[in-house]
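One chain is shown next in structure tokens, namely the form predicted alone.
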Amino acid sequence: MGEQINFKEIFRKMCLIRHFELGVAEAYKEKLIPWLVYLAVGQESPSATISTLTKGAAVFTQHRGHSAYLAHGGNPQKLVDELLGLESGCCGGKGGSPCIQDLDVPMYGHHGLIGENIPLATGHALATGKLTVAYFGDAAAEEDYALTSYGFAATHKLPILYVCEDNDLSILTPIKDRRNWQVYDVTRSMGLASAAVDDDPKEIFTAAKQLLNRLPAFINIKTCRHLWHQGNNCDGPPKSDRLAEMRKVIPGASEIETEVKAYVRNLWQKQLQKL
């Protein structure tokens, strides 16, 4: 694979995710979205980077899935409409925030059981033989059916990349209070090519590019969720903000973010007029 990292493309995707999610948070605050929302503010870089290497892959995600949808080419207008409960949404307004699905991506949504997208994605890779990407959190990664899926993928040498967006929280419970082992050590012992990186796009890109040549594979990406598990409440000052760091080093970052921010603002204003 000869792809070269495109920091501007990744930064643009991160800006789209960040400002889209802030728009969701505002609509939720104004009670224009009356049901649960799961936001990826702070967790933009994993999907923004992985998506640049996996164009055309089937994507499986769970409840915190807006970021993966947008990064992999989902339609922002259809996502707004879905969150507003409109029939023009990507799931006809019936899936809401945790169940984003759009076969045009193709992306397959969450069905309610934490981590169930992992065996589903594994089955897809087995049935189709096509590149499959599964996104999930550090709590879902440790479920029993997730662990057996990794082993199954290794045995059958499936074309799947497992992406753990590791924010160190199961709702509010950190890893140290849940287990004394790391999932990527387990996957490596099963025979999966495995890596653990921070949410620096360069680190993610380099590791993922290598792993995609050694599928099945598992990548654990340490990241930082800025908002609460559900809704728009803040856990407190974020431990880190990768988007803020990238603003300082990407040429033309201010212009890119201003353009994306205006696009998202206009999109929300236009779609809210449908209510």
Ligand SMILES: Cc1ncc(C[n+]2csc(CCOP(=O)(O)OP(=O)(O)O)c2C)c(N)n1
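Sequential numbering from 1, following the sequence displayed. Since the structure is predicted, the reported quantities are computational estimates derived from the model, not experimental observations.
The following text describes the form predicted together with the ligand, which does not appear among the structures shown.
Q: Among 133-141, 192-200, 100-108, 82-90, which stretch sits within 4.5 Å of the ligand in the predicted bound form, heavy atoms only?
A: Stretch with heavy atoms near the partner: 133-141.
Q: Using 4.5 Å between non-hydrogen atoms, is Thr187 touching the ligand in the predicted bound form?
A: Although the ligand is absent here, Thr187 would stay clear of it in the predicted bound form, with no heavy atoms inside 4.5 Å.
Q: State yes or no: in the predicted bound form, is some non-hydrogen atom of Ser170 no more than 4.5 angstroms from a non-hydrogen atom of the ligand?
A: Residue-level check for Ser170: yes, a contact with the ligand.
Q: Any of the heavy atoms of Ile114 lying within 4.5 Å of the ligand in the predicted bound form?
A: Flag for Ile114 set to yes.
Q: His226 near the ligand in the predicted bound form, any heavy atom under 4.5 Å?
A: Judged by the heavy-atom cut-off of 4.5 Å, His226 is well away from the ligand in the predicted bound form.
Q: Of 48-75, which residues get within 4.5 Å of the ligand in the predicted bound form if you count heavy atoms?
A: Sequence-ordered list: Gln62, His63, Arg64.
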